[in-house]
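First, one chain by itself: the form predicted alone, in structure tokens.
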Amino acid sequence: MRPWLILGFILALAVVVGACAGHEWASPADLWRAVSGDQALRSRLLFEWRMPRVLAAAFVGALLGVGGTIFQGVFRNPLAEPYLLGSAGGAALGATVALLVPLLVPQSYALPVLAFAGAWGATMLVIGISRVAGAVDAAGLLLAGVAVAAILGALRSFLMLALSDDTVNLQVVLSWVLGGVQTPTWAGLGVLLAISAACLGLAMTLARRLDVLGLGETMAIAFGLDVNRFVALAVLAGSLVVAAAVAYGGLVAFVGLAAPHIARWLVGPIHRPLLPASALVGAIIVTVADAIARAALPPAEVPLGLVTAVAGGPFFIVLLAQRLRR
């Protein structure tokens, strides 16, 4: 019970700090007036813009934490990261199309939809290639993912060069690729909440089989688990979770790597408590990182992915050094 109380308290504190942070800092009293229905301009801006942004950052972090836990469990590798299977490249390609190609729907709707479709489509392509090649194990999926990610990155660069002109600012594309939470309406935030809850519920259905797979393929087969089929299913589920995260938050690196490790230190390696703990840790990390991104260089905003990369890079190096020493 104690780890959950600690995580809940830290997340609540992170949300309050995140709502206060920005170009102009607000006080807790300002937040209380905004929540209480004050109609002053400052209160309305806090309630309609900053608070949904902070909560959206928490949900994006929760999705990345869950996705990272699934991938680390599937590949039985603590250095596994949610963007291994080309989902990041697919999401970036979809976002590039939404930002550079004139479409019939508003860009605010097209961006998350095409980013989601790109991430999901890239993962399906990876699984299809691995099946055709007859390599449906974890190593085969990883190799196919690296190849697909390289191809999608090249296509994105080509589109940026071919479609850019004086009327299109490539900085918008680069800002999204470097990570940045989209500010939703309260209705849109409700949709994101529903998506996050559904993704966590989907991940929880995999928890017991992830524990069995962690015993090794031989033991998993002995327990009656169809390893290849389950790996493909879990990869699809994890990619769905990551696709939802990148659709709303862009490419935010290292959160899916760090959150499961921190959660493991608190609740242990069993996936049933580990998945929700990773969601809480991921929510804390992204909420704090988003607050730093908004407040570090006012009035400009630092890309969220840069903040998490600066903090996550040393974390990855420490993990790698520990693994090599073992």
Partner chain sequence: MTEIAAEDLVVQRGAAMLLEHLSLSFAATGSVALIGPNGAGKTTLLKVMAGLETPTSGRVRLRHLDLAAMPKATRARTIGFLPQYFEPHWDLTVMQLVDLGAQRAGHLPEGALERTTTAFELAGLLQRRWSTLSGGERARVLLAMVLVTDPPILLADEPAAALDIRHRLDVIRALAERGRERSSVVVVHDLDLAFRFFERVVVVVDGKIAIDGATAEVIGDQRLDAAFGVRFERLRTEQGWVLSASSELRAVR
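Residue numbers count along the first chain shown, from 1. This one's a predicted model, so the numbers in the text were calculated from it and none came from an experiment.
Separately, the form predicted together with its partner chain exists; it is not shown, and the next lines address it.
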property	result
Listed residue that, although its partner chain is not shown, lies within 4.5 Å of it in the model of the complex (heavy atoms), from 133, 161, 222, 105	222
Proximity to its partner chain in the model of the complex, single hit among 147, 215, 193, 170 (heavy atom within 4.5 Å)	215
Interface membership of residue 33, its partner chain in the model of the complex, 4.5 Å heavy atom rule	no
is_contact(residue 128, its partner chain) in the model of the complex, heavy atom dist at most 4.5 Å	no
Partner proximity in the model of the complex: residue 73 to its partner chain, non-hydrogen atom cutoff 4.5 Å	yes
Contact test in the model of the complex: residue 294 vs its partner chain, heavy atoms, 4.5 Å	no
Stretch in contact, per heavy atom within 4.5 angstroms of its partner chain in the model of the complex, of 267-275, 285-293, 43-51, 22-30	267-275
